[in-house]
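Have a look below at one chain only, the form predicted alone, in structure tokens format.
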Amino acid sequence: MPREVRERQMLDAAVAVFARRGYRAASMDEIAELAGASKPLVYLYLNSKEDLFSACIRREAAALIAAVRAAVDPGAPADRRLWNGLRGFFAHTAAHPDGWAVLHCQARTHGEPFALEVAALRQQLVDVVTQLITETAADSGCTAPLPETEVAGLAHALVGAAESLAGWSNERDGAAACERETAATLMNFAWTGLENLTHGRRWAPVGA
């Protein structure tokens, strides 16, 4: 069997075991058995449990970013670009719940270097959303550009909300069938706020 195929099988097995057991409780024996390989072969190909977990994070992160970028049609109106990006995110996390569990739950709880890998993924998502928000403001005819700090804050808030919703949605029955509903929930929340901001309608506390 080609090494590329064998490694993919090992990574598939590792993602499933890490998602189910967690990093510390996962055993290389179980991963090897699920992959249909010997444990020495897993170590030969992927060096160590830490390296294997890092490889899983990198693969799942790259797949998620690719799914979001592929979903965004640069020629579509601003609202459709944001909507398609959200659909791409939720469709991917629903279709790959084990991969999302590894990224969102397991990798965050074990410190460096795993947390740094996830932080890099999150920054890539924030960069995509930042561009979408900036383009939305430009397409809407916003007379004054939104401050960079405000755009950055909005992007981080939107990514954080998407991450939280993905975890919540994947715990429901029929998560894959609900991805459109989940995306629409966040789109309605985000688009209303963006539309108000780009038209100068800002909320301000009264008497504070």
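Here the structure is a predicted model, which is why all the values come from computation and not from measurement. For every residue, the number given is its place in the sequence shown, counted from 1.
FYI, the form predicted together with the DNA isn't displayed, but the following is about it.
Though the partner is left out of this view, residue 26 does reach within 4.5 Å of the DNA in the predicted complex, counting heavy atoms only. Proximity of residue 6 to the DNA in the predicted complex: non-hydrogen atoms within 4.5 Å are present. Contact annotation for residue 40: at least one heavy atom lies within 4.5 Å of the DNA in the predicted complex. The closest heavy atom approach of residue 48 to the DNA in the predicted complex falls within 4.5 Å. Only one of 31-39, 161-169, 147-155, 66-74 places residue heavy atoms within 4.5 angstroms of the DNA in the predicted complex, namely 31-39.
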